[in-house]
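First comes one chain, alone, set out as structure tokens in the form predicted alone.
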């Protein structure tokens, strides 16, 4: 019936809810119930892919994907693709939800959001926004080799933003918390305090000094160092980019590429926002050490890249019913032994960079540029002048080798990662890092 080498199916059903307040007023409330399927079929070196929403005939979808694969293989045959063989995944130690968000009324969620959103409206704040989101999904996977598995996952979180303005200058502060958790996230985190912190950060930046660029020693806070681990190292470790020749880490497995103080891990099994017990190809997930004491140990793999390069699959993910591609999960730099106070004493003069406002990385050329939320000058080992509009840039391998001290205060931050037009939930993190030389500039 299916004249292909391989096929697999993912059926996803669940609900999502999002609430957006703009200056305390409801801007958007959406509740969506979704059910759909994604089907891949492989013939030779050609993939056929179909997706369907609502009520669907899965056998019909498999036939459609198979016909596409066969047709493409006939018209334009490619090098045969091999898939790493795997066993059916076992789901254990799944996160437990204490307060199912589906049991909380929409009215209560809006009221809660309005209540803590008020704390961001301080004198000098010109606008604020508060966002709540939740999702509850069941994922079911099968493939033509007999692999099958299913799991449920609930994700909940909130974000608060505040914008301060004065004499035509605008500065923003933002705080957010997301996780694989239920409504108890509001018991774990004080949303009102975080809203005040977002407002205070925006107000303080109005009086901050613009950054003076140059090469200097820096200390990165856990959030910015975590972004470096994700954007600069994590993406460069994705095996599909390695195979495309778009990674500075190509052909470097086993090489010392970083300070021996640096160990970087990606772990989908952690109960953080990027959690998944098996990936969207049915592969059991496990902790993967990318860099171990400075030595590159592994890339992140799909079943296809693992069969081609050698490695362990388990990092192939998709947004909803999209086609799965190699992705990160919970990526972090492991703890060292140093304290922030020791770093300040050691560095003497330099810059302390805090938070992240995004940036860009070219994994092929191995260069990056990230914008920090703010910074402080470090003078004689002490934090002095607050700095705004500051960025960090450089070459990935140089920065990895310039790490001189690693803190013992690992902290994780959640967000969404974009690749191939798809967004997936992830977490990144790090302890404080001291880097002997990096390029600091205006954002």
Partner chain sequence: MYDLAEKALKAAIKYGAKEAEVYIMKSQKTSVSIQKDMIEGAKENITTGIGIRAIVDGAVGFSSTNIMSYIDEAAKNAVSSAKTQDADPDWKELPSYQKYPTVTGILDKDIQNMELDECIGHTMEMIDAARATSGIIVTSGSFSRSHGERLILNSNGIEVSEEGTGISGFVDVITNSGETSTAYDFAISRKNDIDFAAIGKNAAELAKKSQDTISIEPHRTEVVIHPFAFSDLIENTFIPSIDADNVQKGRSNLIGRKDDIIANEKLSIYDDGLLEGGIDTGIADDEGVASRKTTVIENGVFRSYLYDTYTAGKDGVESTGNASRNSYLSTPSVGSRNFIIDFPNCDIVADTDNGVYVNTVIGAHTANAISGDFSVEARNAFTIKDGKLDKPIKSLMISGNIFDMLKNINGAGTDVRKVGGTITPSIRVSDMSVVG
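Quick caveat, the model's predicted, so the values are computed rather than measured. Numbering follows the first chain given and starts at 1.
Omitted from view is the form predicted together with the partner chain, to which the following refers.
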The partner chain in the predicted complex: contacting segment from 244-252, 332-340, 148-156, 270-278, heavy atom within 4.5 Å: 244-252
The single option of 404, 63, 411, 35 touching the partner chain in the predicted complex, heavy atom within 4.5 Å: 35
Single option in 397, 58, 29, 377 placed near the partner chain in the predicted complex, where near means a heavy atom within 4.5 Å: 29
Candidate site 119, 124 and 283: all three near the partner chain in the predicted complex by heavy atom within 4.5 Å: no
Interface membership of residue 440, the partner chain in the predicted complex, 4.5 Å heavy atom rule: yes
In the predicted complex, residue 95 touching the partner chain (heavy atom, 4.5 Å): no
Interface membership of residue 138, the partner chain in the predicted complex, 4.5 Å heavy atom rule: no
4.5 angstroms heavy atom contact with the partner chain in the predicted complex for residue 418: no
Partner contacts in the predicted complex for 55-71 (non-hydrogen atom within 4.5 angstroms of the partner chain): 55, 68, 71
